[in-house]
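Below you'll find only one chain, the form predicted alone, shown as structure tokens.
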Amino acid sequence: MGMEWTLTQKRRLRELNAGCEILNGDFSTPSERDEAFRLMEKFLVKREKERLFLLRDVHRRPGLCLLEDNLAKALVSAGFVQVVTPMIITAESLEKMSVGNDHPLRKQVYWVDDRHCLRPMLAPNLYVMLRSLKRIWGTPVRIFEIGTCFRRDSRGRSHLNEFTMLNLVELEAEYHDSLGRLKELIDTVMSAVGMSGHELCREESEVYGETIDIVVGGHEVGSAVIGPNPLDDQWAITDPWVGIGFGLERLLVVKEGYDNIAKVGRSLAYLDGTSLRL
């Protein structure tokens, strides 16, 4: 077996979006490896600069922004109303979601003061909106929000402390087939993303008890819930509902094949998947 890239070299190549065929380099001597790295880095830097010029001259908007637009258009066409709610929520809202002082998620929350925090999820605000709009509109109520959430997650290749969620929820007086309707809405979202081949898997949830995860190529990109749910009583919600939450950065990572979610998130080091350290 020959010699591989050094850890520092491999980290730099990943940063420059090198493919597996490059990362699996095999060399006879250190000098051969280092010369190959010099040439490959030069090639990749040139390629990544071209991507940034293409963004400036043609595309103009990062994939995350385009994805938000595509999802909003698809859901509005499907009869949903977009809502925009505060990023600062109350501790009481978390407690209504069963996230009390002893809940594991509590330690991941960014607190503004003793009674207010940056939202770790969109659900508390959407519950409030459902209750208000049902009183005014009656049923059905179909709403969605695309917004930033914050968690003290373990930073890594698949987690961000600041991330973008799409949550949609439909409240109905009566469903003949809740699971069927949920699948229809999942298909609507995945079609807007431009992805196919997703699977649905039932999983335990610390908040909802059970969720139906949406998985693509072994990667969880979202999760869904069918109500009524025990949490509903806290919000005076009595009608059946279906709801889905997607992580937009996760969707982009899987769709584009990036090896690190930081490349598509809100960043000062990357722009639209391209490193700015060129």
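Computed from a predicted model, the values in this text were never measured in an experiment. Numbers follow the displayed sequence, beginning with 1.
As for the form predicted in complex with ligand ATP, it is not shown, yet the points below apply to it.
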Exercise for the section: Kindly confirm or deny that H159, F163 and F246 each have some heavy atom within 4.5 angstroms of ligand ATP in the predicted bound form. Expected result: yes
Practice task
Although ligand ATP is absent from this view, report whether D34 comes within 4.5 Å of it in the predicted bound form, heavy atoms only.
Solution key: no
Problem - 4.5 Å heavy atom contact, V221 and ligand ATP in the predicted bound form - result: yes
Exercise for the section: Determine whether any heavy atom of E95 comes within 4.5 Å of a heavy atom of ligand ATP in the predicted bound form, and answer yes or no. Expected result: no
Exercise for the section: State yes or no: in the predicted bound form, is some non-hydrogen atom of I261 no more than 4.5 angstroms from a non-hydrogen atom of ligand ATP? Expected result: yes
Problem - Region of this chain that lies against ligand ATP in the predicted bound form, out of 68-76, 86-94, 190-198, 163-171 [heavy atom, 4.5 Å] - result: 163-171
